[in-house]
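A single chain, nothing else alongside it, follows as structure tokens in the form predicted alone.
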């Protein structure tokens, strides 16, 4: 039975790459619910399918079969453009390598999703600066990525991911490119966001990061280990 608090519900989701007998099966029938306020970590060895599952949850890949329900609506068969619109409004991404645009400032990087959401230009800077100030970078809004430390760049990426108030925040190895002190700072921010009610899905190979989550799922050969 689907939880009434489920934001995302996957039902017997499978993902294959290739055709017919040459197809590589990566996700082998996963059913999973992510509820409002969850703090979930997904771990697994290289090749376990955790990145593919993240791409499916984040609407960057469509499953080969199975159902994906978002807020109780089946979105499995939506077009790429329709999924992109949902992704921009409902899902925030934090990536291991930050994915900041090098030739624009911190606040301009944070404001990029607002452009695609058709937020008036007059509001974009104000909202971006507010988001940066909330994570302790109010004095770095005009800095370019190469003027920031790795930890600061990841904080900019977090502000960008949060700028549209997403229902779920997906963090893909958010500490993978950081030193131990920066990792502590980033995890502290994620912990604080969850305490305020933000739903978070974190993909990680680090046990010290996964232990902060309230739910921990391990993937083995494209299946959830039970």
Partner chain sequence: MIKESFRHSFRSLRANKMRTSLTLLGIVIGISSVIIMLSVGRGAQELILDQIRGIGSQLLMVTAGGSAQEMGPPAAIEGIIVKTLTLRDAEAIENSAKYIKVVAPITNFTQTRIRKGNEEEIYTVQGRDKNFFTSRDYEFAEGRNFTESENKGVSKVAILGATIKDDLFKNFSAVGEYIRIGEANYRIIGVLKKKESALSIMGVDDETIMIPVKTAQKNVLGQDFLFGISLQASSEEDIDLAKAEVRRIIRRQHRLQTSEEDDFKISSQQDALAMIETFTSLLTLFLAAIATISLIVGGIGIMNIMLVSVFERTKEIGLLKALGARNKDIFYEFLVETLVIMIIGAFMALVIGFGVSYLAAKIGGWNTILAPESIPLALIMAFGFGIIFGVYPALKAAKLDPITALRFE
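Small disclaimer: the values here were computed from a predicted structure and weren't measured. Residue numbers count along the first chain shown, from 1.
As for the form predicted in complex with its partner chain, it is not shown, yet the points below apply to it.
Contact annotation: residue 52 falls within 4.5 Å of its partner chain in the predicted bound form, judged by heavy atom distances. When its partner chain is considered in the predicted bound form, residue 134 lies well away from it, no heavy atom lying within 4.5 Å.
In the predicted bound form, its partner chain sits within 4.5 Å of a heavy atom of residue 116. Contact between residue 60 and its partner chain in the predicted bound form is found at the 4.5 Å heavy atom cutoff. Heavy atoms within 4.5 Å of its partner chain in the predicted bound form belong, among the stretches 146 to 154, 96 to 104, 67 to 75, 126 to 134, to residues of 96 to 104. Along 153 to 186, a non-hydrogen atom within 4.5 Å of its partner chain in the predicted bound form is carried only by 160.
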